[in-house]
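First come two forms of one protein chain, each written alone as structure tokens, so that there is a structure 1 and a structure 2.
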Structure 1
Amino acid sequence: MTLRSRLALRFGAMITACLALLGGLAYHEFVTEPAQRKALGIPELPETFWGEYAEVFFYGMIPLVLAAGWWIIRRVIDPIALLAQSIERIQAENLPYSVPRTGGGDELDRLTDSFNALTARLAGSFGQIREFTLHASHELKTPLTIMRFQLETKLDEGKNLSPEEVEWLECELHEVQRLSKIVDSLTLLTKADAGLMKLEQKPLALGDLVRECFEDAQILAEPQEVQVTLAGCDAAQVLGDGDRLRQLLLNLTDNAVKYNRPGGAVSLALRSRDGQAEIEVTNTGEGVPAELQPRVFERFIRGTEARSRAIEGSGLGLSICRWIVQAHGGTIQMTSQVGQSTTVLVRLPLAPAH
């Protein structure tokens, strides 16, 4: 049944109910009441016919119209609100997403169907893009390998080369390596999008990883005379992939050192709080302007500082961090005060206690 006919039917039912009630009230006013008055000997009130009619109409109609209107509106609005809620839940990550049908066989079901078909088509397109990126990065690797071999071979036969030629070749080689890293990161993220990356789920003492990372960070920070401190290291057991969590910690601390001022400070902390492990990495770098903060975890978003100071990076490091954190069921966020400090806070669920 269509929504239109359903509404028409309900409206008809409402009108009928109203008329019935009106009839009842009119009967009471014009027939029953005068009869009672006559029987009890009460004199007729000096009321006009129209006055009586208005009374009936007033008492009967107002609540009825309100109730019926509310009922009809709810019947129409509720399924639409449900539909809207389902649509809001859709992300690129959970496509194709099927919004449940109401099952009334009406326009709303038709809308749901066309919407579901749309998300299916979108999912198909996203899939094609992923497939394309995956193939492209795979296909890029063989020519990159060969380019690298050629440059290395040329450099190895270096005796007949002028210093300018050697410098040029080394520069080329460096760019090839950089390109390779970008292709690697891109492959990883594309695979992660497609759900092809399988992570281990082993119980891990996060404290050990943080202490290891602290030791590495101190060494990394030495050339820039950046002071690294471990501001606390609670015992925290998580379920996860050791390799990936090490990668996350190293990435965050390496960033904290790279984007710091000479003589600055980096602070590392692990806290166990409300069933979550909190890892906090703070540095005293230039910071990230407020308008860029929500976007730093997106792909190829790099801060103005990274560009102006020509700090080398792929623009994918923080995206990989976010993927690692999300794959462990956690959250990551960055807060920064320009010119003062930047803090990255990672929250990971603790392993359930035995």
Structure 2
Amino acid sequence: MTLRSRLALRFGAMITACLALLGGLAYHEFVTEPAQRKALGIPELPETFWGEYAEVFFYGMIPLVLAAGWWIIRRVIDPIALLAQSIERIQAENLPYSVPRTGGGDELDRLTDSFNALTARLAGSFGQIREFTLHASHELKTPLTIMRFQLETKLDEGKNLSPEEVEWLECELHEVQRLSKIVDSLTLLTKADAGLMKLEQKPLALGDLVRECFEDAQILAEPQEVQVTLAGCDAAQVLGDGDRLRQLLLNLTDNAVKYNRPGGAVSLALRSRDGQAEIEVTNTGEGVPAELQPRVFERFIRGTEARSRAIEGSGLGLSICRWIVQAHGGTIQMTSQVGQSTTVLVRLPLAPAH
């Protein structure tokens, strides 16, 4: 319950009690007491009569004073409510946004100025973090590329290498490739945060992308004996970037296969309804705990299953998926039942009919 609601209830209760007391007083003064005087034959003096009127009028002012007090308090609370609404609209993406001042020069304006200074410092810190991440990932690309080239060259030319040496080189090459993917993902997300990523807006047949992804998922699922099915593929056209949407579908299906049980199933479906294209990816894995589900699209978040089974990944795939979906004006959500299934639902706006 809000502060305004609590104050309104308390003032309402006090005003109701005052009105009840005022009604009882008026009934006693103008009904009960005159009846008693009449029964006893006691005449009522004029000054007593007017005194009773003055007494009732005085007590009758109490509810009005309370109502006026509530009006004054509400005028004081309104700027606090507006301040709370402005603060709620602030997210990490719009930290430079300044909360408007009330203009009264009071404590609320001091609080607003302090909060705006705090968000300005946070925006500066976030900007420095993004700049550092972008420069660091850029600097890491060159040595990783060189290491990858040297390892691949050594494997291609190493005819006299022992099986142990070949295995060691392949392991090192795999780790370098994994680091390169992490660096590429960090670069992508950092550029997206800074608004440096520009997506194409072209009409795309989403069904073609889904069918291509279905074929790729079958190849990915074969080593784990996971069955992949295409539950439905409606005709749906969207405006977007084909490469990024293909990356979105590949990330989702790759996760559905990796976080699955041997011999499990993955279902992929595309439906067109209510002006939106709905992409649904379901797998029969161990599921995501309820306390972790609200955070699965955050960066570097990985479940206990991924760590216990040593599943490859950096915890950035779903963050990239969320950015791609939001950049296309859509929404993404996950629902999961532990031990049964996990479903990711993506909604994208359909392209205009023309």
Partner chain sequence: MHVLIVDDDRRTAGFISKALKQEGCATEVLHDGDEALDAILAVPFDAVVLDIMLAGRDGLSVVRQLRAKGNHTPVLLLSARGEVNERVEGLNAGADDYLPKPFALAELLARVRILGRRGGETKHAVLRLADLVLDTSARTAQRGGRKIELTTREFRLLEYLMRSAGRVCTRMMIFEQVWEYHFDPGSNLVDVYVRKLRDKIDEGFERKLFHSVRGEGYVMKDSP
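We call the rigid core the largest set of C-alpha positions that still match within 1.5 Å between the two forms. Predicted model only: the values in this text are computed from it and were never measured. For numbering, take structure 1's sequence and count from 1.
- Comparing the two isolated copies of the chain, the first one is the form predicted in complex with its partner chain.
- Superposition on the rigid core between structures 1 and 2 places the CA atom of Arg148 2 Å or more away from its counterpart.
- If you fit the rigid core between structures 1 and 2, you'll see the Cα of Gly158 move by 2 angstroms or more.
- For Gly275, the Cα coordinates differ by under 2 angstroms between structures 1 and 2 after the core has been superposed.
- Taking the core as the reference frame, the CA atom of Thr119 shifts 4.0 angstrom between structures 1 and 2.
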